[in-house]
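Single chain ahead, written as structure tokens, the form predicted alone.
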Amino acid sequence: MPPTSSVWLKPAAERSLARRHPWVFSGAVTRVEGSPEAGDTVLVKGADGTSLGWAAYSPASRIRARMWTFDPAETVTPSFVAARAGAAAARRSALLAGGLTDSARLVFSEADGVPGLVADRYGDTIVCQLTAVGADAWREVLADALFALPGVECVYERSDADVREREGLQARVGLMRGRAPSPTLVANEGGFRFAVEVEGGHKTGFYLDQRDARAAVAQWAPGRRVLNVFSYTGAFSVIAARAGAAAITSIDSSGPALAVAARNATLNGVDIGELVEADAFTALRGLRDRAKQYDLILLDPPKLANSEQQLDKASRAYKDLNLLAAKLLAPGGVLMTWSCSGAMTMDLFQKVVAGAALDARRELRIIGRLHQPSDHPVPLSFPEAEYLKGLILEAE
């Protein structure tokens, strides 16, 4: 039987759903009929009682409901949920069959119609994060669907992101299906091999969203003195070394991450130069005080704003970082700088970086823009999916 609970919206609040935006915020809700629990599927209704579709109910979150479907005639069943995950994975088949990589994001949450599920594939291993109560309620169904994909031997859960707290969920980590993940698991990409830290690394163990950026680094690194800030496990440094960088310095606050960077260098038969365990802000100021200069600076900080309320503080941090980088940039040098904060738009990020360049008294020109790759799609109806943005800047 379909669920009988329903969420009623305020007048005009259904406009966003008419544009197929998948979020219903708590402020748009007038009342809830029935007694739905977290993760239950509820019918969303307009102020006039018109049925607008089915959503996952989240009483603890500001996003009170996440749409499964905008068709009230559809039914959210185990087969419906499994088919959504399977269809998303199928859309990545050309990428995985193309020979460039054996690793890709198979499911990208709302962007693929599976709200709250991120699933990344590394060869025969899938690492997933369940970040919302809707996906968490279908945990076993999704695990079965992912494990049924051809060639998959392991499905591992890394549901330990802070966002689960906003959904009223506790962290959950461990094996879901199949055998344990291999401690020597690697992502193969463009002839490179990168260690995947499934159990202890950031997110799902590797940053698949920087695939296109890694290709760009290979273009700009030859012959240059490279400074890789927030280097994590050194993928950019490995790329730069193979491309023929003149010298490389990698800075990260995590000693274990730098140890994996050294391992990645060995895996790829390259020398990635100096590994510096330090706070990035402190290290950049020290390099500035020593009048160091670099021909290519890579500035890829972690998320600095989790919400719009944190944008002002994050903007100051982004400005400080980019100001320091601009001062370290040699004449004719290139700065590649990113923000992975979804709340920060490309326009705002560009303004922040422009302010940093002005304060540094450097003339920087945009010669390229960087975005998340094709397996991290952005529906026109859901611009919030575009979290990663970057600029390639050339100094005078």
Ligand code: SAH
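Throughout, we count residues from 1 along the sequence that is shown. Bear in mind the structure is a predicted one, so any value in this text is a computation, not a measurement.
As for the form predicted together with this ligand, it is not shown, yet the points below apply to it.
K.L.:
Should Gly201 be classed as touching this ligand in the predicted bound form when contacts are defined as heavy atoms within 4.5 Å?
P.N.:
Gly201: no contact with this ligand in the predicted bound form.
K.L.:
Hey, in the predicted bound form, does Ser231 get a heavy atom within 4.5 angstroms of this ligand?
P.N.:
The answer is yes: Ser231 has a heavy atom within 4.5 Å of this ligand.
K.L.:
Answer with yes or no whether Ala148 is in contact with this ligand in the predicted bound form, where contact means some heavy atom within 4.5 Å.
P.N.:
Ala148: no contact with this ligand in the predicted bound form.
K.L.:
If we define contact as a non-hydrogen atom of the residue within 4.5 angstroms of the partner, is Tyr207 a contact of this ligand in the predicted bound form?
P.N.:
Yes, Tyr207 is a contact residue.
K.L.:
Only one of 132 to 140, 111 to 119, 148 to 156, 272 to 280 has heavy atoms within 4.5 Å of this ligand in the predicted bound form; I'd like to know which.
P.N.:
Of the options given, it is 272 to 280.
K.L.:
So this ligand isn't shown here. In the predicted bound form, which residue out of Glu197, Glu189, Asp295, Asp300 has a non-hydrogen atom within 4.5 Å of it?
P.N.:
Checking each option against this ligand in the predicted bound form, the one that comes within 4.5 Å is Asp300.
K.L.:
Within 4.5 Å of this ligand in the predicted bound form, heavy atoms considered, which of Ser253, Thr77, Thr266, Gln310?
P.N.:
Flagged contact: Ser253.
K.L.:
Can you tell me which residues in 358 to 382 come within 4.5 angstroms of this ligand in the predicted bound form, by heavy atoms?
P.N.:
None of them.
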